[in-house]
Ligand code: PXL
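Below, in structure tokens: the form predicted on its own, a single chain.
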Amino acid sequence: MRDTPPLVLTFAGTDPTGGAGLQADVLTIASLGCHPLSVVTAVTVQDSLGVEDFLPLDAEWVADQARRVLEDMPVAAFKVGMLGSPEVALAVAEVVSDYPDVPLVLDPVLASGRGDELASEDLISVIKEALLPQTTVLTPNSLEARRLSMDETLDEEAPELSECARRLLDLGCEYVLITGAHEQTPQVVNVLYGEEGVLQRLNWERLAASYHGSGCTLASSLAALLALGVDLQDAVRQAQDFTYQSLRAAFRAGMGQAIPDRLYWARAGEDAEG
């Protein structure tokens, strides 16, 4: 039998369009040469326009899904996406706490691309208190970074992104990669922060379309690259490049956002043969 590829376990909500969520994670992880393992945290009702509703799973079901597979297979990386409820977040935090040496990439899915609310303040509190201290790389967009780092009890203006990163690092995560697609800049600027400050700043061409699942693609590709043993800063660069190429090759399957093509490299080969 062939050697087993690195195994990446993703915790995420479903997306029937395949553009984001669990399906996007599975496609991305497989595209990069790892084997995806998946735990369903929530079931969503959505299309390419946005999320109409979602149903978080029972927290015990989430934990049981994960523990069953973790007792059977050696996982090389975790990716955490949509959680759906504080109870599910606590269950995930408890499961991953048993594997402190496994890198964890956390994509804090707080809202859909359209702005549909996906996380309550109670859920955000659990993420900050129970999951961030176990996170290797947090991958918020700028809106998520501000929301996670601001104290809702204080009447303060939105802090600069560097201050957001400092606060998030103080909450326990090792690295924070803040993506800048929502900022009013000519190019998209993604910045990796560590305890030493800015470790990496990469500028990307601002593409014209709006995309369904770009954050999922970035976080799951980063988890896959870490599972493959790529150095963290190189993995961050390569994950951004994979995501950018997927966005450039995106297709519009429905009436809303474009869907990133995580198999762009395979279809490029087909085009060349044609």
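Start at 1 with the first residue shown and count on from there. What you are looking at is a predicted structure, and each value in this text was computed from that prediction instead of being measured.
Missing here is the form predicted in complex with the ligand; even so, the following discussion is about that form.
- Contact with the ligand in the predicted bound form, defined as a heavy atom within 4.5 Å, is made by none of P103, T135 and V176.
- Shown alone here, S48 lies farther than 4.5 Å from the ligand in the predicted bound form, counting heavy atoms only.
- Taking non-hydrogen atoms only, C164 never approaches the ligand to within 4.5 angstroms in the predicted bound form.
- Mapping the unseen interface onto this chain, L9 falls outside it, with no heavy atom inside 4.5 Å of the ligand in the predicted bound form.
- Using a 4.5 angstroms threshold between heavy atoms, V109 counts as touching the ligand in the predicted bound form.
- Residue in contact with the ligand in the predicted bound form (any heavy atom within 4.5 Å), chosen from S31, Q240, T44, Q65: T44.
- Contact with the ligand in the predicted bound form, judged as any non-hydrogen atom within 4.5 angstroms, is confined among 31 to 39, 240 to 248, 208 to 216, 227 to 235 to 208 to 216.
- Residue L118 is the only member of 118 to 145 with a non-hydrogen atom no more than 4.5 angstroms from the ligand in the predicted bound form.
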